[in-house]
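There is one chain below, alone, in structure tokens, taken in the form predicted alone.
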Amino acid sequence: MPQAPTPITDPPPAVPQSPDPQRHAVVIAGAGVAGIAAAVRLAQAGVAVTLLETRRKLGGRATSFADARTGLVLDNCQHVVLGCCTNYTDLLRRLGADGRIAWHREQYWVEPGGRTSVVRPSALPAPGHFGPSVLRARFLSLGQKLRLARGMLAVLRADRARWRAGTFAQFLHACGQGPGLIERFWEPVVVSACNLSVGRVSAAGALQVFQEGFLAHRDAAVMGVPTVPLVDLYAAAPGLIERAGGSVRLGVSVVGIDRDSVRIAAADGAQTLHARRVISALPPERLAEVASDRLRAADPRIARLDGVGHSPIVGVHLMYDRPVMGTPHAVLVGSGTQWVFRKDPAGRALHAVISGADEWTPLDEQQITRRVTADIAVYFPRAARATLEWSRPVKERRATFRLEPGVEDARPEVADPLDPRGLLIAGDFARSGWPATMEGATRTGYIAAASALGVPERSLLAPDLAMAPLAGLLGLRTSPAGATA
């Protein structure tokens, strides 16, 4: 399990409640993870927040939907949290949802035919904690393991700032990793964490994943999987916000945004909400669309949003007529379907995940299902003898921002450096020092809340896992929380 979090302490509210009933204290546009994070921290500091969301549920892209075909509540896509995600786990604790995460120390790497290697941290200190299980892993040859050790040492000592213009494939080739090792190890990890292949992803972003997610602390890569639909993780947020005098308004569309106001369209008509501070937790393309002319002219961050692209994810829910999978999750070595998660104790219900899914999004549901079930039959022999009862593919075409070389120049700062009272921007695409993850989204929400409160961002950010002394002695470099990768 990740190390015990520090006690929750909140600063006194620095945003006074407006004496004008027509002027809100803080308006937050967008109730994804970043918007929820900002709203929760402000509400716990005593600030009345108005949280706006177009959908009729919270969570944004990390949420669930009621499937009319099956009558089940299904997640848009499987999301996981790692031990290094200290701010997202802090948010779950504040929402009383931390007990709804099942933590796994093991990673199961499955080869065609079903042979399985278990990778888990040992009692050795970081960064050598995975060494014993990797040495025993059968999906890598001895030569590949030796090259992997050299590659990990190069990753540990790499200066991310020097690799912002290159791809991770270029870094790996410089380390002599070889195509077979890249395909069997580096690619599955990188595409799952960054939603881009090693040939397209920023080397700096991928290096951050390995440095802070694997090498800095022996609990950094411990994986947490929600045991309830994602939407249930946020169930306590509305009550928390309302107890502080705020409100959550679902089913309203933001049609205009400025540094101190938000225009909305709802069933009861159009309205302009004036606020002391405005936080945009909208997707980058949506913010660019609704930004006022005045805001666009005054805030250079808005124009840079055009440089933030997207990368898709496809998730496929499957139900078989009999148990087909025995492990709680699996990395499929060398497969187009990268991860599979068991969604019931028996192993009949599965959720398959394809990240960096550009070539999958043009396919129809039947084509996607055929490809995924064919992969699963190769890796889980019992599936070849089972009957598929139903499937539900879900395409998230704009699942994450595209973490390509140079994108850091387009990612906006949370606070406008030219206007201390200007628009605050939160979201996984904003500068957090992290790739497109729920952790990155939470960090930007916390940073936006700190700016609205007028307190240092570090006073609201949860501390990172402490770097292992041996990792530091060997030359591991990490960036401080909130810094850009």
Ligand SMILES: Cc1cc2nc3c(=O)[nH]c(=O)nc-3n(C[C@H](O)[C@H](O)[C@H](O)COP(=O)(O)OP(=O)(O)OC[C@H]3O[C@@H](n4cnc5c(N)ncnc54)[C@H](O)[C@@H]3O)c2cc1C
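Numbering starts at 1 and follows the sequence shown. Fair warning: this is a prediction, and the values are worked out from it, not measured in the lab.
The next section is about a form of this same protein that is not shown, the form predicted in complex with the named molecule.
*asked:* Counting heavy atoms only and using a 4.5 Å cut-off, do V27, R301 and P412 all touch the named molecule in the predicted bound form?
replied: No, the candidate spot makes no contact with the named molecule.
*Quick one: is G433 in contact with the named molecule in the predicted bound form, heavy atoms, 4.5 Å cut-off?*
No, G433 stays farther than 4.5 Å from the named molecule in the predicted bound form.
*Please run the contact check for P283 against the named molecule in the predicted bound form: heavy atoms, 4.5 angstroms, yes or no?*
Heavy-atom contact with the named molecule at 4.5 Å: present for P283.
*Does the named molecule come within 4.5 Å of any heavy atom of E396 in the predicted bound form?*
Although the named molecule is absent here, E396 would touch it in the predicted bound form, with heavy atoms inside 4.5 Å.
_So, A448 and the named molecule: in the predicted bound form, are they within 4.5 Å at any heavy atom pair?_
It does not: once the named molecule is placed as it appears in the predicted bound form, A448 has no heavy atom within 4.5 Å of it.
*Heavy atom within 4.5 Å of the named molecule in the predicted bound form: which of A288, L240, V80, V407 fits that? Just give me the one.*
Result of the distance check: V80.
*Only one of V254, V316, L295, A357 has a non-hydrogen atom within 4.5 angstroms of the named molecule in the predicted bound form; which is it?*
Contact residue from the list: V254.
*asked:* Only one of these stretches, 414-422, 454-462, 38-46, 55-63, has heavy atoms within 4.5 Å of the named molecule in the predicted bound form; which one is it?
replied: Selected stretch: 55-63.
_Under the 4.5 Å heavy atom criterion, name the residues of 395-430 that approach the named molecule in the predicted bound form, in sequence order._
Heavy-atom contacts to the named molecule in the predicted bound form: E396, A399, T400, G427, D428.
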